[in-house]
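Heads up, what comes next is one protein chain in two forms, each shown on its own as structure tokens, labelled structure 1 and structure 2.
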Structure 1
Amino acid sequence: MNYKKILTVQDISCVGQCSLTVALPILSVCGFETCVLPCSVLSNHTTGFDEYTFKDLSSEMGLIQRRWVNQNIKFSAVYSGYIGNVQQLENLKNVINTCLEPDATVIIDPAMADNGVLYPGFDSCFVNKVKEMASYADYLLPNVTEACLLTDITYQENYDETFIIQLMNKLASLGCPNIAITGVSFEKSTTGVAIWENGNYNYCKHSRVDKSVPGTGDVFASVFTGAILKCHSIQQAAVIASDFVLECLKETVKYPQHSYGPVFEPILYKLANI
């Protein structure tokens, strides 16, 4: 029986095609019961809009977690994305410690930075708490910027495989056995995912679409989660997720005015049979 109950923990950006508005449809179409623990509500995401609201739901998260404990509500997996502050990470830790079935899968996307810089509102204190959370993850899904922040290695735009393997090694020492670093590019026309599976390095290369929008990392992490929970290997999951992101970007370029998020809805049905 593969009808699993998954919990996804991240913000609701009311507009922006990221976080829960991406994870919920993707995990549902993969065939899983998808429960949500919203950490904050924003008018829109924080990249590329002129302004945004941010309502912190930290205290509500704690109340919800205690009700779940009282009623013995348990999940077979948790997937976390953008978490707004240190208290919310502490709440995520409590959920992991009290609301998961034995042998549950923990997937953490440390969504906090891109292109060499932290998203607005985050600081080194937050990064340190994410480092601590990495030890709870069965799978950690940073981009190159986040991997550098988590390892205290200076971000660079151009790098080689030795640099990526050094990142992987240091990330693994935080206590996570399986890692997929997204957006790893060794040449202009291609990009890919670097994979670390219990000490073994691998690289899955794919072609690159010349368009970048916030939220593609969330699409990757959601599809990756769906694929892992459908028992694909980490490599297969990375290929399925990056192929889908590539297809989303091909959809997105059809709408040049649409720049705040990935157009994934017209091709969502393709995930029904992964």
Structure 2
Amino acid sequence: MNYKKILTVQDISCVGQCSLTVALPILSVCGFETCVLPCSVLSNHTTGFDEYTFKDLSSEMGLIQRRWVNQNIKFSAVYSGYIGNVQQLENLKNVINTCLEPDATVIIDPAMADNGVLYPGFDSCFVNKVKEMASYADYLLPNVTEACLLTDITYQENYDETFIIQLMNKLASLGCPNIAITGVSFEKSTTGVAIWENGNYNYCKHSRVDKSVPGTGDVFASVFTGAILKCHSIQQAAVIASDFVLECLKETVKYPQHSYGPVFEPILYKLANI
């Protein structure tokens, strides 16, 4: 039996429940050896704090990748989250091309936008590079804003199922067979995940918690990755990940002063047997 070695590529905030500080414990508790390729390091999360330090690790990523190639280090899967610039996306592509086992799984969360706008520091050139990367993915996990940017479809706050299916059709044309669009809501009291699996559409709905914190997308993508690698279907993985995020938000509500991330640690054990 092969003991899977998983690589996650994203930034790391030394303090803050997001990116690598979320992905590493979640994938580990799911039972996988979890390796990391940080693309930048921050003193703390950029939300909920007054200031932060930032160090770009683009050049270091290339050096690390070449050392892995020299030592024939291979990974069973790669999951990417927030990537800071075009060079880092190129570094990710190099890792996918040189450091994965045959039939490895590639999961890309194009974390670059929300609420209709790009995150600071990103532009159309970056979006176009992400479009190219979509063809490398076995699973693509955008939110609605990111899906619109990747398909050149105008973002809408209010939409119907026809709009979401249109997004998924165009996303699939980028070359990714399996898509999960997060944060899809057709009514105020619920939200959910729209699923596209080799041309088939489905929707997983769940109740909405009146609490919003950064990092829930990272929790979803990490749990989704763990579930996929445990051989769950894309729909099962989306439900498992959504349910866990919902539990995290209910846990976070218990701590009114905690504003910079989802409280997931007290319930992490629930992922051990997914």
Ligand code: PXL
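Superpose the two forms; the largest set of C-alphas matching within 1.5 Å is the rigid core. Here, a residue number simply tells you its place in the sequence of structure 1, counted from 1. Since the model is a prediction, treat every value here as computed from it, not as a measurement.
A.B. asks: Compare the two displayed forms of this chain and pick out the form predicted together with the ligand.
C.D. replies: Structure 1, which is the form predicted together with the ligand, differs in this respect from structure 2.
A.B. asks: For residue 65, is the CA shift between structure 1 and structure 2 at least 2 Å following rigid-core superposition?
C.D. replies: Not so; residue 65 is displaced by less than 2 Å.
A.B. asks: Using a superposition on the rigid core, decide whether the Cα position of residue 32 changes by 2 angstroms or more between structure 1 and structure 2.
C.D. replies: Residue 32 C-alpha, core-superposed: shift of less than 2 Å.
A.B. asks: Core superposed first: is there a CA shift of 2 Å or greater at residue 53 between structure 1 and structure 2?
C.D. replies: Residue 53: C-alpha displaced by 2 Å or more between structure 1 and structure 2.
A.B. asks: What is the C-alpha shift for residue 44 between structure 1 and structure 2, rigid core superposed, to one decimal in Å?
C.D. replies: So the C-alpha of this residue moves 2.5 Å.
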